[in-house]
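Okay, here we've got a single chain as C-alpha cells, the form predicted on its own, with questions on binding and movement later.
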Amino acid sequence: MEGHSVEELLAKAERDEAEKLQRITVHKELELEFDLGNLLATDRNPPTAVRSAGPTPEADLRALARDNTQLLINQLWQLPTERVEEALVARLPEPTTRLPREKPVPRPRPLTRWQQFARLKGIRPKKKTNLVWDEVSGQWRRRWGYQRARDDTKEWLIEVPGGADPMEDQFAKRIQAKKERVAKNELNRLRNLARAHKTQLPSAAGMHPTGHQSKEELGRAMQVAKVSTASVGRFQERLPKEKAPRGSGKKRKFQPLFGDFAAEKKSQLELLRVMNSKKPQLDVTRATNKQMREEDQEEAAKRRKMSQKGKMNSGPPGLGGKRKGRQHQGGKRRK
C-alpha cells in the first residue's frame, strides 16, 4: 500500500508540473509581434476558435486573451532585471510603435504687443548672461532676483534728490514705485491675454482699460462713482444743468429699535384692527382706475373690430379712382 501511495504521489506531482508548464507554454502558428516599451503584443493569427464558438464566445475570448498575455509576460522575463528596494524590476526598451496623441497639438502662443512691434521693426532680442559683475560686493551675482547685483533695496541710506521734499520718506517712495511697476506689468499681461483671446478687460465702471470712451460709457462711469457712497449719492453735488438720475433706487428705511412707544402701540393696534375686521379693505382709487382701464380696453377692442370689418366690406379701387361694383346684364351698375 505504501509503495502504491508513493507512486500515486509521484504521478500527481508529474501531472501538476505538466499543468504548470502547459500554463506558461503557449503554441501559436504565427509568432506574435511585441513592443515591450509600450507593453503591446499583436496577434496576427486568425481567430478560428472564436468564430466557431457560436453566439457565446466569451470563454474563447477569455482564453485567447490569457494566452497572449502569457506570451507577453514570458517576453518580459527575458529582459535584464535589477533589484530596487527589495523588488525585482525589468528594464523596458524604447517603444517602437507610435501611439496617437491623447490631446490635440498645442497652438502657437500669440505674440505680445512688444513682440509684434519688434517683428515689425526688425528688432532681434539680444541674449544676456545671467551673471554680472557687482562692483560693490566685488563678486559675480545674478542680474535679477534674490541676491542680485546692484540691489538698491539693501541700502541703509538714500540720498535725497534735488528739488524733493526733505521730509519725504524715500524708502516708502521706492517701495510704492516698485508696487506700481508690478501692477503695471500685471495690467500689460492681462491686456496681452485679452488681445490674444479677442476680449476686453472687465471694469467695475464699465470703461475700457484704454482710451476712446464714448459719451454713454463716461456717463455710466460717473453715475456709478456718484452712487458708490453710504447715502447712495443723496448728498453729492450736481452740475448746474444736470438731471436727476433714473432708476437709482431708494435706500431702505428701518424703524428704530427703541423710541416712541406711543407710535409703536398705535401701529400695532391698527394692524390688529385690520386683521380682525370682517369687512374687506377697499382702495377706492385703485378700484376706480382698474374699472376705467378695463372700459378703455373694451372700447379700443370694439373700434379695432369695427375698422377691420369695414376694410373687409370695401373692395379695391378701380380705374379712375372709382370702386368696381357688381354689374347686371346690359352693363348697368347695381344701385
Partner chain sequence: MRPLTEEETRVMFEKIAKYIGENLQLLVDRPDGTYCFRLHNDRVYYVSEKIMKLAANISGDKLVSLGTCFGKFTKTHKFRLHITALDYLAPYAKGFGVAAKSTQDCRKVDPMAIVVFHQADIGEYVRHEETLT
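From a predicted model like this one, the values you see are computed outputs, not experimental measurements. Residue numbers count along the first chain shown, from 1.
The protein also exists as the form predicted in complex with its partner chain; that form is not presented, and the subsequent description refers to it.
Using a 4.5 Å heavy atom cutoff, none of Q75, V84 and L92 lies near its partner chain in the predicted complex. Listed stretches are 269-277, 52-60, 302-310, 27-35; the contact stretch with its partner chain in the predicted complex is 269-277, by a heavy atom cutoff of 4.5 Å. Residue contact with its partner chain in the predicted complex: R234 places no heavy atom within 4.5 Å of it.
For the chain shown alone, R252 is a contact residue for its partner chain in the predicted complex, at least one non-hydrogen atom being within 4.5 angstroms.
The shortest heavy atom separation between P256 and its partner chain in the predicted complex is within 4.5 Å.
Shown alone here, K179 lies farther than 4.5 Å from its partner chain in the predicted complex, counting heavy atoms only. Just one of R174, K265, K128, K184 comes within 4.5 Å of its partner chain in the predicted complex, counting any heavy atom, and that one is K265.
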